[in-house]
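Have a look below at one chain only, the form predicted on its own, in structure tokens format.
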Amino acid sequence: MTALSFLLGHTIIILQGTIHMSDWQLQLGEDDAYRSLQAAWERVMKALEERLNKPSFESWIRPTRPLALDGPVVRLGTPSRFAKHYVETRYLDTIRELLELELGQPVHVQFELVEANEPVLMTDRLPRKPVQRPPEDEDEPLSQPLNSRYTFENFVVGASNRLAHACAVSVAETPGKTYNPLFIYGGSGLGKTHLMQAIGHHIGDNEPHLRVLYVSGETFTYHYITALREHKTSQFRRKYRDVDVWLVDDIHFLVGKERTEEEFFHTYNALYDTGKQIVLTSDRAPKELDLDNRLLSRFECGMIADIKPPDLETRLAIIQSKAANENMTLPYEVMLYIASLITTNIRQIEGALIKLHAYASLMRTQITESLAQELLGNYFTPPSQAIVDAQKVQQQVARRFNLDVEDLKGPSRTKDIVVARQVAMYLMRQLTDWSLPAIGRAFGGRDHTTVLHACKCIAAKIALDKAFSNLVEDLAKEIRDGRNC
């Protein structure tokens, strides 16, 4: 069985609403499919226990139980509405992937609400009894659990995230004193959630008396809608405003939800006016969010830090770090292949490593570049842009300026050669993942400060000289398209 035939398959996820379970229990020994599911679920539980922090695992995963395996549909039961909602939004993809590996087939995952003391295998044709709501003093937890892996120690710092990391560390060390609010934005899977939860971990470890509340924009909306429906808005406001550090992930989820946005505005003001620390993340800068101007002005009064996609060297460092955490041994060519295949999403890198690790463990085989290509090539689309390297940039620039490539690498300080060299350095910085030191080495072993100076000079000249700006833009387009001048 090849890696592709083992893992391929189009998966559709079905999320069901609440169901009620019966009083009678079927004989589990008579159901081979269920026994297969139960054995697979036990192994999935062990894998999840290793990857999640203990509070998350005990709160959300351990109460989840296998109900039935109906062909390709895996039915799992959770004991509360919030647990069901949380597992669906946070762990669904991971659970599905692990179940597919254990069962050896594509599956649909269906979560159902069951009573905590119900038998594990039921049938909907039997008499039903209602799910009892817990009393008011046993409300479900407000704060979402923090992932134990999301700490500052496990965060790989590079040029693309250095500012956001420095601001997050400062906030964690002196909550409410600097950068309040702190607004971190960037594309999906670049580390925003990691930094936010690292703040929560650091404060929890060093200032345990402070009350930290971590929620996503989606969970805040869910809590507020539930409070409205159950006429508990006063309890909702009391809980949300009685905290010292408020961490809100994916704030862009509030866009278009006017009543939730209004409630968020008043909660924000109540905390900010009393000096409480607020940290927000979004996939867009504040000015790009279609939110009330009152909220946007408050976001912009604090510190705004963006996270960009990591360069090649940072991606390699991330892969090394995550592989070490999973006790994986990866050849350099495998790490380079993954770093070249996945260029804009760290979470996808983690998913690729999980797939490789799970397959290699189950098949008892070594991870090689050919295995990685076979296993990951169908899941991740390689960058469509033509590969840009130092040689291509140098050749195009030298041709345009009527020079030899060796002139760009050599020691000459004549004006024409210096300008051409600086343009080539600038374009390499813009079009490739190469770091400043790596670019310097490609130009005769020059120092990274020389490259930085070149980039600043060209950027300034572009801003002042329209003809020069057009020249550089044309060169960049030709290099990206792989055309000759």
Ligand code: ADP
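Position 1 is the first residue in the sequence shown; the rest follow in order. Since the model is a prediction, treat every value here as computed from it, not as a measurement.
Keep in mind the form predicted in complex with the named molecule is missing from the figure; the text below concerns it.
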> Of these, 151 to 159, 171 to 179, 226 to 234, 359 to 367, which stretch puts a heavy atom within 4.5 angstroms of the named molecule in the model of the complex?
Replying inline: 151 to 159
> Can you check whether Gln320 is within 4.5 Å of the named molecule in the model of the complex, heavy atom basis?
Replying inline: no
> With the partner left out of view, is Ser143 within 4.5 angstroms of the named molecule in the model of the complex by any non-hydrogen atom?
Replying inline: no
> Should Gly191 be classed as touching the named molecule in the model of the complex when contacts are defined as heavy atoms within 4.5 Å?
Replying inline: yes
>> Can you tell me whether Glu350 touches the named molecule? I mean in the model of the complex, with a 4.5 angstroms heavy atom cut-off.
In response: yes
> Which listed residue (Pro106, Gly187, Gly275, Gly204) meets the criterion of a heavy atom within 4.5 Å of the named molecule in the model of the complex?
Replying inline: Gly187
> Since exactly one of Val279, Ala198, Val334, Ile346 fits, which has a heavy atom within 4.5 Å of the named molecule in the model of the complex?
Replying inline: Ile346
